[in-house]
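As structure tokens, one chain now follows by itself in the form predicted on its own.
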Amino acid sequence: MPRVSQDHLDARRRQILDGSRVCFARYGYEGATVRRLEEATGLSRGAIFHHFRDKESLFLALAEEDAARMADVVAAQGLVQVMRDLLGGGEHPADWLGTRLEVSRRLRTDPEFRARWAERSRQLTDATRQRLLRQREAGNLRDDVDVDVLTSYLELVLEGLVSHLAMGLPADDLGPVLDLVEESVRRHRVRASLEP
């Protein structure tokens, strides 16, 4: 039997992740049946589960990958940019939203998933905290509020945005809201008086 190259295995794994992401976003975790995963990926269940132990492992791999991509955006541009991406300004906003919604739902309803996810969920928080620390050192971040409090604040805004989008509420006019959130964590320099 010929040996399969690592490049081929990596490409197959990517195909599974990309197809599954669409399937989970469209049908949710419960609705993403094995048959639907096969249709979305164009592969058999044997091929899918050769790379992933089970559906939960596949979903966790997607969620981890999205968290890593979001953490990269946070490191470069901040958590508010992730929020802007979710509104449609980024590379994979619909994909991120679908995964994020399903993670949130499962955290509420599945204690085993919550325990497994807790080990993996620090990446976005850590990236946000590190970005804020760098901004504080550069003099761009307000210094009257602890960085951990600002991190929690931004994460709560993100979760609120995800809930807003999940309810199907209008998102067209949220750009100014995100501007306000961004401005609320910035340091405001006192302007020198112009009096004679």
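All values reported here derive from a predicted model rather than from experimental measurement. Don't overthink the numbering: it's just position in the shown sequence, from 1.
If you look for the form predicted in complex with a further copy of the same chain, you will not find it shown, but the lines that follow are about it.
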Legend entry - Partner-proximal stretch of 54-62, 143-151, 37-45, 23-31 relative to a further copy of the same chain in the predicted bound form, 4.5 angstroms, heavy atom: 143-151
Inset, instruction - Tell me, out of R136, H164, R69, H50, which residue has a non-hydrogen atom within 4.5 angstroms of a further copy of the same chain in the predicted bound form. - result: H164
Inset, instruction - Please state whether every one of the three residues S104, R114 and H188 places a non-hydrogen atom within 4.5 angstroms of a further copy of the same chain in the predicted bound form. - result: yes
Inset, instruction - Tell me, yes or no, whether Q15 is in contact with a further copy of the same chain in the predicted bound form, where a contact means a heavy atom of each within 4.5 Å. - result: no
Legend entry - Partner contact for R108 in the predicted bound form: a further copy of the same chain, 4.5 angstroms, heavy atom: yes
Legend entry - 4.5 angstroms heavy atom contact with a further copy of the same chain in the predicted bound form for D172: no
Inset, instruction - May I ask you to check whether L9 falls inside a 4.5 Å heavy atom distance of a further copy of the same chain in the predicted bound form? - result: no
